[in-house]
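One chain follows as structure tokens, the form predicted alone.
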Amino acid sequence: MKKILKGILYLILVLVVVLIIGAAFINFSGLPTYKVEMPENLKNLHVKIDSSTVARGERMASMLCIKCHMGEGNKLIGKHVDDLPKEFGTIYSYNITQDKEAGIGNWTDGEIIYLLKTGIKRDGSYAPPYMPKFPLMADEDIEAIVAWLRSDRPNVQASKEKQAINQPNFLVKFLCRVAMKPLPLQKSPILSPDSNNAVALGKYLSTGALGCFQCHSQDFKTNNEIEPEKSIGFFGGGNPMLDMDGNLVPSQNITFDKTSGIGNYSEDDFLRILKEGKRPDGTSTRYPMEPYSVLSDNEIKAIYAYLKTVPTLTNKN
């Protein structure tokens, strides 16, 4: 019996030592790197830059990029990210102006898209979970964002301003080693949906383009970015998010549950909450939920039509 107990204690000791060594390795080795495997079509890609494509990209960027990357002087020089949990460490968004040293002026069009789709940077380093990825965004939209980044718009012009070096903590490094991995690059072209098919358009906007499900499902850690419908608590809300003061603001259930979701919202109610940030009872939405004033009425109605098809969940926040 004593030999058995000694054996068990020895195994426990060995496991503890292995865990300590593993934790130390993860903590000191930093974020993982991966092989950059861009297909030829991305390596040789040069996006079309014309007024309509740039305008389309600027519109997408206003909903996805500008809020996080806009720094002083209305330039996309990056800034400290205030609304991340302190458990992530000290995090800054990057300079994405056209500067060739401080920004992304030396990146190719394909390298930008490869990062946005997979999370792998041109040097193989991995962009952690707080950098959104868009694996299901239509080629037309993601190329338009690149066109905007290459454009003559004032806020993307070269700036040598640099942010402090990010200091992700052990939790981020651990998640990036064991849970959060680069996303596979879709091999087939991703086409924009038929704008006359409300449900298809709404699905694309809320899962592929704007990623509404990311915030409005149960938790970022259990979201499925390749098959969004498999995310735990899909559109049922409850994701623990923060406002700018660090206060907890769980995301809203936006399934059509009548008790805790938006089952009692009319189409006009939904239009108003997305356009103006006003609920049916007259109260305002709270940060991080902000109005999407650039969305057209047709697009908002399409999202409403799609959400009506999503299985309802009861989740009072």
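Quick caveat, the model's predicted, so the values are computed rather than measured. Don't overthink the numbering: it's just position in the shown sequence, from 1.
We do not show the form predicted together with a small molecule, though everything after this point is about it.
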item	value
Option touching the small molecule, based on a heavy atom within 4.5 Å in the model of the complex, out of 39, 288, 263, 30	288
Contact residue in the model of the complex, chosen from 234, 174, 94, 88 - any heavy atom within 4.5 Å of the small molecule	94
One stretch from 113 to 121, 179 to 187, 192 to 200, 224 to 232 that, in the model of the complex, holds residues within 4.5 Å of the small molecule by heavy atom	113 to 121
Contact label in the model of the complex: residue 132 to the small molecule, heavy atom within 4.5 Å	yes
Exercise: residue 71 in contact with the small molecule in the model of the complex, heavy atom 4.5 Å	no
Any non-hydrogen atom of residue 48 within 4.5 angstroms of the small molecule in the model of the complex	no
Residue 292: touches the small molecule in the model of the complex, heavy atom cutoff 4.5 angstroms	yes
Heavy atom distance at most 4.5 Å to the small molecule in the model of the complex, all of 55, 138 and 310	no
